[in-house]
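Shown here is one chain on its own, the form predicted on its own, set out as structure tokens.
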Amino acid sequence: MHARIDPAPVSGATATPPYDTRALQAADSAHYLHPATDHKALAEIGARIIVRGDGIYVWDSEGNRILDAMSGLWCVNVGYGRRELADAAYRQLITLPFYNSFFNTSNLPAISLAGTLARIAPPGFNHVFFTGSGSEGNDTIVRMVRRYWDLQGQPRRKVIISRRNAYHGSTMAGASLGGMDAMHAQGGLPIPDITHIEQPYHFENGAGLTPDEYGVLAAHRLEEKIQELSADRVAAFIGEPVQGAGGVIIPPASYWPQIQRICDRHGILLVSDEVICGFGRLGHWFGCERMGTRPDLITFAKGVTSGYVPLGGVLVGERVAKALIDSGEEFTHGFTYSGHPVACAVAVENIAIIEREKLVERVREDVGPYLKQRFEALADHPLVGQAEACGMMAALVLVKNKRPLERFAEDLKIGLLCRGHMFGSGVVMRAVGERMIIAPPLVITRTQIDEMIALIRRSLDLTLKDVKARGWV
């Protein structure tokens, strides 16, 4: 058994909780600006205050136990309450809490983690650039890709192609790489020389086509965009193996092999954003291995520390690394917290846990296939038009009618209604429009998967009862 931090006593759901939730909500509203939040609306209902976590569960300030089917935010891969990670942070904090990586300096945890990442990465990745987050990692991608082509004597190659509804962070460059309309509507985004093609969403865009037929067609959108722009202007294509925040969009099996062929044909760099899909979530260390691609650059974050400490970075493939190193010039990019010793120490121990407990293999051979079987059976529910899973990621689509297919009106916000019932039933499930998505911790057991599916089904029943009462079906 793995070690856990001894949790502080907490009241049960029926006992008086040891927190003044209303006072906490008032203080939160008075001072804390949350990410991606309508703060006026939040002030009216009050934030849910999470006070502790253990395994796959979290508890709120009112004593409710909640099954966290989103791993925090796609990141708590080894579960909550791991003493090993707390001890690793403590040891490093009292030894060397911080030092920078500028001015020809380094530190032991950064060196150790760089070597560990090179060992577990796909072949050809022997170098890493550390950042503080996935957003910073994708900002680094933009700088690194354009610097690479400058060093190749092809400065016109600046355009990076991404996908609509993709998410690659919320910094200026990260949000530009992403294809979220709501993000682009604020702040004058995207920045120049970033463009987008159709996402590989068969349920939405592939009517009349088999998944494989549609996968080839969706990949062909990249070929069309390259031809439209002229290949000598295109620097790279970036994509998540499975789109996460876009709604767990699982591409057809034919999609990524065709994308690889197109990138090879035109000589453009392929970037695999593994901020969500890395560190075992798809049953491989990195999602590109499952999809069969050979990227030049890999963005990572989240699962590298299981979210215990912020850390991100870029795994740099050989042709890009060689160009940067052999140039004999400074790559004028970096962050105060690049290679932060505490974050790197926690990451080294986190990866050791994943290896000791064989979580990658477990997702690939045991709980991943079991989750797929149990989750996809939810397709028999009257509200579910599709249910699909890949590794420890899954999504279902809420529909008004199945045959003929009829969707809910967007302004009804059916996903948010369902999400409310999920929280009320004691399970975290994220809503992306009409898609309800999960990405549970990799340590989840089959018994806990059964518990999670039962909670989801109960929540769907409550949602159906609710929409009938509202006259929506």
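Quick caveat, the model's predicted, so the values are computed rather than measured. Start at 1 and count along the sequence shown; that's the residue number.
Separately, the form predicted together with a small molecule exists; it is not shown, and the next lines address it.
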query	finding
Stretch from 270 to 278, 358 to 366, 371 to 379, 79 to 87 whose residues place a heavy atom within 4.5 Å of the small molecule in the predicted bound form	270 to 278
Answer option from P341, G169, G391, P251, heavy atom within 4.5 Å of the small molecule in the predicted bound form	G169
Of A245, V316, L383, V145, the one that lies within 4.5 Å of the small molecule in the predicted bound form (heavy atoms)	A245
In the predicted bound form, S135 touching the small molecule (heavy atom, 4.5 Å)	yes
Partner contact for Y308 in the predicted bound form: the small molecule, 4.5 angstroms, heavy atom	no
Partner proximity in the predicted bound form: A118 to the small molecule, non-hydrogen atom cutoff 4.5 Å	no
Contact flag, Y255 vs the small molecule in the predicted bound form, heavy atom cut 4.5 Å	no
